[in-house]
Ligand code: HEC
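Starting off, we have a lone chain in the form predicted on its own, written out as structure tokens.
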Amino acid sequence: MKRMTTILALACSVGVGLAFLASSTPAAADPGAALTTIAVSGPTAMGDYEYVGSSKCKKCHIKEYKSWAKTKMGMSFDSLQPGAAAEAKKAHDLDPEKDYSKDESCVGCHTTGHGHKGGYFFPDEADKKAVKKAKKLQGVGCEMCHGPGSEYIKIFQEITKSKRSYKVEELYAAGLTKIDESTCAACHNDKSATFDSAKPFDYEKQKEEGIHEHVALKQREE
């Protein structure tokens, strides 16, 4: 059986229940390695900020987006599908044939912004437009770490167009969140059905694992 690993999870509020996520290594074809130590959670919306989906981030952060899309975090929704991560599920007395993608207690840590404004929702399968929109919010997207982007994404777009310099505080004021241990602990905690007390999540050691490529932002001032 493939070894289950803990990775940097992305969310903003601690929850309880069942969830599975990606491993700390780059994405592989086999989603069976995608089960990890996390508990269900959903990010806490900040004020009136809305979730817009990672595809919106792509316009200004193409390299980061492309590298994120290859991680198992980016494809973590796949591990909820029937038959996926079967060995890992069996090891924790979970039904490998169950469709956990329909389970409220799982999607909080496998989608973006579930339960919050603009976030992931269960679409009516007959509504193709809704299905397409929901699909864009599957997986642990950018906003699960950086916060709902409805306002700060506008600033990024203006900065990209004008080529002006900026300070990160300007973005924090528009909803961008600072990443710390609590960001990860929202999903990586002992409430998870796959929690392994022998291998708890270690923020300092694992905060740089399985995340997108870091690209220097030329217009950003320190």
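What you are looking at is a predicted structure, and each value in this text was computed from that prediction instead of being measured. We number the residues from 1 along the sequence you see.
Omitted from view is the form predicted together with the ligand, to which the following refers.
Residue 170 falls outside the set of residues with a heavy atom inside 4.5 Å of the ligand in the predicted complex. At a distance threshold of 4.5 angstroms between non-hydrogen atoms, residue 134 is out of contact with the ligand in the predicted complex. Put simply, residue 130 is far from the ligand in the predicted complex: not one heavy atom of it is within 4.5 Å. Although the partner is absent here, residue 191 sits close enough that one of its heavy atoms falls within 4.5 Å of the ligand in the predicted complex. Residues from 112-143 that approach the ligand in the predicted complex with a non-hydrogen atom closer than or equal to 4.5 Å are 140, 141, 142, 143, in the order they occur in the chain.
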